[in-house]
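Let's start with one chain on its own, the form predicted on its own, as structure tokens.
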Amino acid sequence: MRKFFTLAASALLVLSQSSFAASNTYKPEYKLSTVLSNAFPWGKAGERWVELVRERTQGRINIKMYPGASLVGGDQTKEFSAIRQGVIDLAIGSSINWSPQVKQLNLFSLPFFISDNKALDTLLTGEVGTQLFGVLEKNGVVPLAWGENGFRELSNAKLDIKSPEDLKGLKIRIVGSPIFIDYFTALGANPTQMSWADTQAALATNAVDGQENPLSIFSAAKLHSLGQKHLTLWDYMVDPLIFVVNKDVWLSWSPQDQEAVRAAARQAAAENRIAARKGITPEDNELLKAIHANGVTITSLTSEQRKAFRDVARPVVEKWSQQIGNDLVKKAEAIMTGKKP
């Protein structure tokens, strides 16, 4: 008898899913936007999400990934607006790229504010991560999981950078976020806003001297072959990734399929965080060894050298804390230090 009721319940679930799909027509294919391709952990996370969603929804939801921010003509800073407008159905987006539209996401871009992976994980899995998801929901998207692009390091074609003075006059490619302009200007560099699609050509032709990105990107893009022979490990800011769905698309799915997509996002995000950190930890530094083997000089800042960069950052942090919201910044700082705000 129990087996009969189990089979009957399963049949009713399938019937309800079919009825929901019939009354709320699912698209034959949904568009997923990423900035990077499957040559990078970011793009691999997109492929993994697509695969898991197809499996968990038994093929009811089919997704195609569009890397290179191709759905917005390569301009990654327009991605968030395109999701809200329905041009994009799903995205794994960068907190940096979306921060011009969602100012609170600049929390992760405050120079030398988040020190390491432990501090980052404490923020994302706690009250701050939940609060930021609430902000994103108010902005018209449904956030499902936090992934990771990684802490950003500095490379250039001219010299080993050990102090702020070493950056004087260097033309550094940055993403289109104003906080980057403020900090690199304060350092005396010449920040040059440029999409990732244009960056490699600019490095190859010496149109810019350097760039800043996570090590996984430096390695996969073979930036050593583009003259980037000087690499400084300074971990000055971090770039979480956010798995989201357009709100209207989300509401068009059955509750069961919504939970399947959410579970798939969480699994893909967990795998992505592992991939983003692979080879660059004290316990596992194989990626760093491979970069060094390609003729790159790697400079690890001492605590005193790092302090010099942090001192330059203070006015930038103060300015942007006001735009992000001082309460949020103080809450994040208290959580990371274990002290009450």
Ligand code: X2X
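Start at 1 with the first residue shown and count on from there. Computed from a prediction, not measured in an experiment: that's the story for all the values here.
The form predicted in complex with the ligand is left out here; the points below concern that form.
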| property | result |
| --- | --- |
| Listed residue that, although the ligand is not shown, lies within 4.5 Å of it in the predicted bound form (heavy atoms), from Q76, Q228, N246, S254 | Q76 |
| Partner-contacting position among S219, Q104, N213, S177 - heavy atom within 4.5 Å of the ligand in the predicted bound form | N213 |
| Site test, K31, A82 and V141 vs the ligand in the predicted bound form, non-hydrogen atom cutoff 4.5 Å | no |
| Partner proximity in the predicted bound form: A265 to the ligand, non-hydrogen atom cutoff 4.5 Å | no |
| Contact of D209 with the ligand in the predicted bound form (heavy atom, 4.5 Å) | no |
| Distance check, S94 to the ligand in the predicted bound form, heavy atom within 4.5 Å | yes |
| Proximity of H224 to the ligand in the predicted bound form, heavy atoms at 4.5 Å | no |
| Partner-proximal stretch of 149-157, 83-91, 257-265, 184-192 relative to the ligand in the predicted bound form, 4.5 angstroms, heavy atom | 149-157 |
| Sequence-ordered residues of 32-48 touching the ligand in the predicted bound form, heavy atom within 4.5 Å | V35, L36, W42 |
